[in-house]
Structure formats: C-alpha cells, structure tokens
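This document opens with one chain alone, in structure tokens, the form predicted on its own.
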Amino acid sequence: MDPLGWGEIITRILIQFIPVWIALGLTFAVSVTFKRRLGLYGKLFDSVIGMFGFALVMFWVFTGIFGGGFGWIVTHDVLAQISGLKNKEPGIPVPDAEALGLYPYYLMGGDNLARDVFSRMIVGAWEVMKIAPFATLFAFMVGITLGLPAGYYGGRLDTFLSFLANLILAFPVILLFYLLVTPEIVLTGIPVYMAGVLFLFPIIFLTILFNSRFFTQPSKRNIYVALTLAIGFWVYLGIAWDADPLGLISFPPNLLVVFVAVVFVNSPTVFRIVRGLAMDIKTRDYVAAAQTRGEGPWYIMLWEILPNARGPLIVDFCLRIGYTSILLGTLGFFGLGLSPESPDWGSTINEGRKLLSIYLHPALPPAMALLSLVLGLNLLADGLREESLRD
C-alpha cells in the first residue's frame, strides 16, 4: 500500500473521532435547548468565547473517555512496536496489517520506538483527565474547608492558617512540584502520609456540608452523614493507603504521588482566594440576616457565603485545571511522576523533542493537544467570568 495523502489522513482522523462528534453534538443540543434552566452553565451558551472554550474542553474530555477509557478511537496499542515504522511519516502503511488484524496505517506516523503517535496522543488525553480535574477538585475541598473558617472567624485561626499557606507559597511552585515527585522523596513515604492527611478533607467537607444543611432534620441528616462516612472512608482506604477491605479500589503508586503533589501545591492558593471572598461576603446583609435567624456558623459559611462566591471559584477552577495540565506535561517532559512508558503528552513531547530537527510529527500532535486543551480552559474561564459578572 502507498502512504496516505494529507486529505486522506485528515478524513480518516475525522472518522475515528465520530463518537466524539456525536457526544459533542448531543451535549450542545441539550444544553442550548434547556439553557434557561441550567443556571450559570446555561448562560455560558450566550457567550461565543465561552462556547468555543467549552467545545475545546469537552472535545478532549470525550476523547479521553472514548479513546483512553473505552478504546474506541485509538487505532493501535499505545505500547505496540511495529518493525520498520520507527520515525516514519504520517499516513505510513502498517506491514501485514490485514493478516495481523491491525489498522492499516499509522495516521500520524511512528515515534522513535515505532509506536503509533495518533493512538498515544488520544490515550494521553485520558492520562490528563484522570488526574487534573479530580486533583483540582480535591485541592478546592481542602482550600474551602480551611479558607471559609479562616475568613469568617479571623483572629488566631486565620493567622495560623494564613502562615501555613504563605509558608508553602514561599517555595516556587514548579520547584515544589518537582521536589514532591522525585524518587528520593517518594522512597521516604512522605507523599503517602500527605495523602493520608489531604484525602481526609473531602470526607470532612461533605460531612459538614450535609450536617449543616439538614441539622433540623435529624433522620435525613443521619442518613446522608452515615453514607458519606461509610463510602468516604472506603474510598479513602483504597486510594490513600491501598487498603480497601473489599479489594475493589486501588491507586497506582506513581499516580498517587502526582495526585498528592497537585493537591498540595494548589490548596494554599485556593485557601487564600476563599479566605478573601469569605472576609468580603461575611459583611453582607444576607449573612447578618442568617445570623439573626440563629443559623450556625458552618451553615452560614457553606450555604450563604460559599454559593455567593461561586463565580470567582468556578473561574479559578477552570484556570487551575489548565495550570495542572501544564504541570503534568512538564513533569512528563522531565521524566518525573508517571511511569516511563506512559503515553502522557509531556513524555511524548520529550521523546519527540530529541529528533525534532529531523522529524516533527512525533512531538507536534501532543504539543498541539496540550495547547488546545489549556486554551479551551482559559476561554471557558473567560466566558464564565463574563456571565458570572452579569449574574
């Protein structure tokens, strides 16, 4: 077979992405139809910038789910090496593909180990989606749980927590991130102990959330709190300590280290944002009205202050996922954190960089993928900021 032309390559790539196009079309159709009932998310579709950013982000979300999660988009095994395809150009035919039951082409060429660049780029999106959003969410739970009482109560509690946050922020973010994932630090077990502390915060946050909301409804409160504690500690044991009694939940050690580093590095910044918002919002009339009604402090913090701080926090959440994606790419580029054979974008860019002056195709696709994801998150944040200001 002859190599494919660029028109055929693009056509075949678009065909591979059919599940993503369908999912994107359904998402936009449902969202636009019911946007007036969807709050701030629905208002996002009144912003052209926001919609474009949302489309880019969801493209990679669906690509990660369908490609890395279900394997529907990939054309080859990301670790499979096919003799004779080392650093070959895009559209190169795969020898004996029909006899071996393989896809007949390397759509974006082969890398320096004769692996399919296209498939590695697709699965690389799944590596980002497994870490960046969830680690950022955990960081927000830590920052909110500590930032709200610091801003609401002030005094010595605020001074102490602010000192700890400033102490962590005194280190350069990149340097601190690298330090936490170096093999020497990992061997000490410090990241595991950090996970044991940091991963308690989601349980604490949700327990306080339900307890404060349903405090006057004991039966409902007890059910929610009991479920939160039971499920939370089950997941906590599996993720943080790899000690799930049912053996259903586990976390790869290298992934845990990266996850903990992301949460630890992002939490102080989230803390400072939440603390500042709480200090401002606690002076509003509706907070005074809640205090007059006799509402408890945590109810006021979680159900009066936090909802009215959602605009800046949602915007920061989107931006922080973008920063985390860049950090993960940087870690992979320097060979830290994830396993050496991982198809994450940073590792793939680093491998392609070594021969960049001769072969562009191994490094360019993952670099453009990372760029487009971060661009989409920034545009999404801009759109959300516009709409939250109008809200």
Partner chain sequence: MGLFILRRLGVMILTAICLTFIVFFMTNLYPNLEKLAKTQGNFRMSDAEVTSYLGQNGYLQPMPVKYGQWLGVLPGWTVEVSGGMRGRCVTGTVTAEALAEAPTFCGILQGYWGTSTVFKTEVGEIIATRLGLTAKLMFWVMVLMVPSALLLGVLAGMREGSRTDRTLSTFAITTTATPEYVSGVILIAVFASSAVGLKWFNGTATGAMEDASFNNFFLPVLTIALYGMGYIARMTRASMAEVMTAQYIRTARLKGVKFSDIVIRHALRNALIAPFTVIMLQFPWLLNGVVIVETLFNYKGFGWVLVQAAGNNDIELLLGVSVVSVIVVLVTQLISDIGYVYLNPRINIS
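For clarity, every value in this text was computed on a predicted model and none was experimentally measured. Residue numbers count along the first chain shown, from 1.
Just so you know, the form predicted in complex with the partner chain exists too; it's not on screen, but the next bit is about it.
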Please check if Ile326 has a heavy atom lying within 4.5 Å of any heavy atom of the partner chain in the predicted bound form.
-> yes
At the 4.5 Å heavy atom threshold, is Pro172 in contact with the partner chain in the predicted bound form?
-> yes
Should Phe334 be classed as touching the partner chain in the predicted bound form when contacts are defined as heavy atoms within 4.5 Å?
-> yes
Does the partner chain come within 4.5 Å of any heavy atom of Val20 in the predicted bound form?
-> no
Would you check whether the partner chain, in the predicted bound form, lies within 4.5 angstroms of a non-hydrogen atom from each of Phe54, Val260 and Glu295?
-> no
Of Thr188, Gln81, Gln291, Asn222, which one comes within 4.5 Å of the partner chain in the predicted bound form, counting heavy atoms only?
-> Thr188
Proximity to the partner chain in the predicted bound form (heavy atom, within 4.5 Å), stretch among 233-241, 176-184, 138-146, 205-213 | 176-184
Across 355-380, the residues having a non-hydrogen atom within 4.5 Å of the partner chain in the predicted bound form turn out to be Leu356, Ser357, Ile358, Leu360, Ala363, Leu364, Ala367, Met368, Leu370, Leu371, Val374, Leu375, Asn378, Leu379
